[in-house]
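Quick heads-up: it's one chain on its own, the form predicted alone, in structure tokens.
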Amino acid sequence: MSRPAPPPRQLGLTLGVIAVLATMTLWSAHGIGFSVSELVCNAAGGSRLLRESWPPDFAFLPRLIGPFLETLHIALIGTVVGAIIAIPVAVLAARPVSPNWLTWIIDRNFMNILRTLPDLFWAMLFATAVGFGPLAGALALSVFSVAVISKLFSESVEAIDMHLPEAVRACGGSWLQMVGLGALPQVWPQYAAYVMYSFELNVRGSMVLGLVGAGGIGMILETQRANFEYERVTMIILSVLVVVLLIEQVSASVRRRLA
């Protein structure tokens, strides 16, 4: 059976959206100076880089164990610290349980500031403040974890059934008792899933933060790239890929059980 043709109004809307997207894409390409001819002319350099990057230097693998462990330590500390701080931040940003309108506005703006500034900026800031090394990376990922978890967790708190918190209040309970006994027990599974998701992001992020001196495997990657040791760069990338895929599978399995 053939599918019926879309109505003219819907077809016109679809064509209009496609035209707008195509126009914006061409305008953006012109704005960044994109050139197909330059891309083709520089293809030789890309192919040379690929030849120099393969095969990976497997003899370099044992030297990655220490930096990998440091990367996991940075990601774990950043996730734990950020997850703890994110609880009060998320609760105060959830309108149904926030103490008052002013607190809600201030906390929402605080969350927006954290999400606006990227983790790379925080890494450079903390590297300047406490020196280059894993501590700067852990602090940067702590801030990043607060931004991610508090945003997701506050939306879960806003979607709770308010009958239980209101019952706690009606029985004379304080605001803390309302939150602790009526609101949070409804969303702890979602919170655990967000923490696991944040840990996944932090393992990836800690690799990037190392490029600015924040410790971990990223510092080794930047050193080898600067020395044009591309076969070692390939080995690092493949190793990170395997570790990230393993963590992602474990995290996804845990989140499915919590859902």
Partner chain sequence: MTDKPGTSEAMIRFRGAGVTYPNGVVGLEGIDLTIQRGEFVVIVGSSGAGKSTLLRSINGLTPLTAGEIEVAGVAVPRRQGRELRRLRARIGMVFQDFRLVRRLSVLSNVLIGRVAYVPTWRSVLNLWPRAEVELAMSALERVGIVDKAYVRAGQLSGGQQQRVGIARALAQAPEVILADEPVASLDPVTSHQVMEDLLRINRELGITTIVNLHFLDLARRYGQRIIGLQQGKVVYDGSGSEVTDEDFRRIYGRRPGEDDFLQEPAA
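Positions refer to the first chain, counted from 1. On a predicted model such as this, the values are computed, not experimentally measured, just so you know.
Quick note: we don't show the form predicted in complex with its partner chain, though the next part is all about it.
Asker: Using a 4.5 Å heavy atom cut-off, indicate which stretch of 147-155, 76-84, 176-184, 119-127 touches its partner chain in the predicted complex.
Answerer: In short, 176-184.
Asker: Since exactly one of 102, 113, 159, 170 fits, which has a heavy atom within 4.5 Å of its partner chain in the predicted complex?
Answerer: It is 170.
Asker: If you check in the predicted complex, is residue 106 within 4.5 Å of its partner chain, heavy atoms only?
Answerer: Result no; residue 106 lies far from its partner chain in the predicted complex.
Asker: Residue 96 near its partner chain in the predicted complex, any heavy atom under 4.5 Å?
Answerer: No, no contact at 4.5 Å.
Asker: Report yes if any heavy atom of residue 72 sits within 4.5 Å of a heavy atom of its partner chain in the predicted complex; otherwise report no.
Answerer: No, residue 72 stays farther than 4.5 Å from its partner chain in the predicted complex.
Asker: For residue 164, is any heavy atom within 4.5 Å of its partner chain in the predicted complex, or not?
Answerer: So residue 164 counts as contacting its partner chain.
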